[in-house]
Structure formats: structure tokens, C-alpha cells
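The chain below stands alone and is given in C-alpha cells; this is the form predicted on its own.
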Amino acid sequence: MKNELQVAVLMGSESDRETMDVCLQELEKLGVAAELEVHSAHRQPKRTVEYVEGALQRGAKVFIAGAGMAAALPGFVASLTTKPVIGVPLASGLPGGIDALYSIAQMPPGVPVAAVAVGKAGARNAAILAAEILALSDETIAKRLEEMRAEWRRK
């Protein structure tokens, strides 16, 4: 694993940790340098801006942001960087997290955010998608992804 940060994972609230830990664990399995922190687009916008800027300086190439209800965090992060941002909708508002999914998927032109499934499955897929993005220029991660897929086929 490289010393520099590759993926910055954010969540809007400490209550999101159980879901977003799945994302961090998947990244760790793939040998991707990542960290998980609580940042709020609504409650701590200045702190969130400082974190994103610092993560970029430390080498972050992809951002993953988990958020529920209005799900502003992924879009807010995307407004601060041209690096890929993956939004993980969390089920905390309307049943099934549909409000968060719509909020993440309906970004305005010029500020794209990739949206994955709601909840833990989405958190896991966000990690895999981030690794696939990194694998475009990192053969070690590409090989780990191939090995992971081969293991899934065996199972």
C-alpha cells in the first residue's frame, strides 16, 4: 500500500459509520490507501472544504461520500474538485433511501457524481468502483481486482 492517500471517504454523520465502514473495509482488502471521516455539507461547510483541499494535497484521487436525506455531501464535494466523486445514498429519510438516491443522481450538468446502490451494498460497490478508477493507472490494484473477481467466480 502506498503512503499517500488514494481515496477519501466522507460521511455526513457518525450514525452513518456502520454502513460506511463496509466501504473502508473493502478498500483495505484491495490495498487502497483510504481514510474515513465525518464531514457535513450543512453543519460544517468550512471544515469540509478544508478537509477536501487537504485530502487533495495528500494525494486523494477519488472521493466517496455517503449521505442520507437531502444527500448534499457528495455534490458539495464534487463542487470542490475535478476528481471523481462517488455518492453512497444512505437510508435515513424516505423509505429505502430513495430521497438520497435521487439527490445524488440528479446533479446539475458540470458537477457529476456517480451514484451507487443504497446502503451497505452501495458502500461496497463504491469502494470497488473507486479501485477500478485507480486501476486505470495502477497495475497492482488492477491485479487485486482481478483476483477478487476470480474468487467471486469460484464461490
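Residues carry their position along the shown sequence, with the first being 1. Being a predicted model, the structure only gives us computed values, none of them experimental.
Form predicted together with another copy of the chain: not shown, discussed below.
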TODO: Considering only heavy atoms, tell me if residue 148 and another copy of the chain come within 4.5 Å of each other in the model of the complex.
DONE: yes
Task: another copy of the chain contact in the model of the complex: residue 31, any heavy atom under 4.5 Å - done: no
Open item on the list: With the partner left out here, check for me: in the model of the complex, does some heavy atom of residue 18 sit within 4.5 Å of another copy of the chain?
Closed with: no
Task: in the model of the complex, residue 58 touching another copy of the chain (heavy atom, 4.5 Å) - done: no
Open item on the list: Within 4.5 Å of another copy of the chain in the model of the complex - does that hold for a heavy atom of every one of 24, 51 and 90?
Closed with: no
TODO: Would you give me the residues of 92 to 115 that have any heavy atom within 4.5 Å of another copy of the chain in the model of the complex, in order from first to last?
DONE: 93, 94, 95, 96, 98, 99, 101, 102, 103, 105, 106, 107, 108, 109, 110, 111, 112, 113, 114, 115
